[in-house]
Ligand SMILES: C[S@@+](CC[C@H](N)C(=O)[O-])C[C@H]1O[C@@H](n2cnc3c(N)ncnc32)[C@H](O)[C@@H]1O
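So this first bit is one chain, no partners, the form predicted on its own, shown in structure tokens.
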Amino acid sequence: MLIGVGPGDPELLTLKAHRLLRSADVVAYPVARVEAAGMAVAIVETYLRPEQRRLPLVFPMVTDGVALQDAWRAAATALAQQVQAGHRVVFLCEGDVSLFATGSYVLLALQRDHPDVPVEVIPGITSVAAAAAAGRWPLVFQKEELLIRPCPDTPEAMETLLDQAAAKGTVLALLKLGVRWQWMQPLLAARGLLDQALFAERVGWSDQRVMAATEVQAEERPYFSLLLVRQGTNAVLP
């Protein structure tokens, strides 16, 4: 089972994910290094049973394609071995398994290298949905479009994206702001969009911050930060 555990708040786990997690013999989860703690397992820590075996799987934070492929295949093999040994296994994924997630690559590796291993994917709440809910900020109205993507790397690319979104009435959900907020904030201010944007970081965790973008200074923010931007709407509203 590949289980999406949501963005951070243990109470955002679905009932199905909770049931399968509690019934598992082996709980596998991603870590960046052998000795590191995993964010996904930290979310569900309170639900784990003492007798459940924990299986951390290393996914290095690198861009080298070969190293990444080796990690995904090794993880898939480790999971398949546990299933073939007769264990009930879950692999935890922060957020949703299908959205910019390590679990997506593990799923593909399982399907390719271990096609006889049964796999079920349990969706999880995304940081985008959780941020919108926390900020009481409706994501899309009526026929609006929604684009979820990592934040552009340059101001020029962001300008182009905003122009395209404005022309089509597309709401933007931009992930991984981090250091980019230093130039993003003044860019949005110059276009008069700060008061139409919602800023969120560490969604679901105890140090969560969700606020109007006008309240956030132009400085580096955590890696797990995101922005929701709407450039007006033609929707019929109350």
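Everything quoted here is computed from the prediction, not taken from an experiment. Numbering starts at 1 and runs along the sequence shown.
Keep in mind that the form predicted in complex with the ligand is not shown, yet the notes after this line are about it.
- Checking 161, 134, 101, 71 for any heavy atom within 4.5 Å of the ligand in the model of the complex turns up a single hit: 101.
- Comment: the ligand is not present in this chain, but in the model of the complex one of 40, 184, 200, 27 has a heavy atom within 4.5 Å of it, namely 200.
- Contact between residue 176 and the ligand in the model of the complex is found at the 4.5 Å heavy atom cutoff.
- Among residues of the shown chain, residue 226 is one whose heavy atoms approach the ligand to within 4.5 Å in the model of the complex.
- Taking non-hydrogen atoms only, residue 47 never approaches the ligand to within 4.5 angstroms in the model of the complex.
- Only one listed stretch (110-118, 153-161, 80-88, 125-133) carries heavy atoms within 4.5 Å of the ligand in the model of the complex, and that stretch is 125-133.
- Along 65-97, a non-hydrogen atom within 4.5 Å of the ligand in the model of the complex is carried by 94, 95, 96, in order along the sequence.
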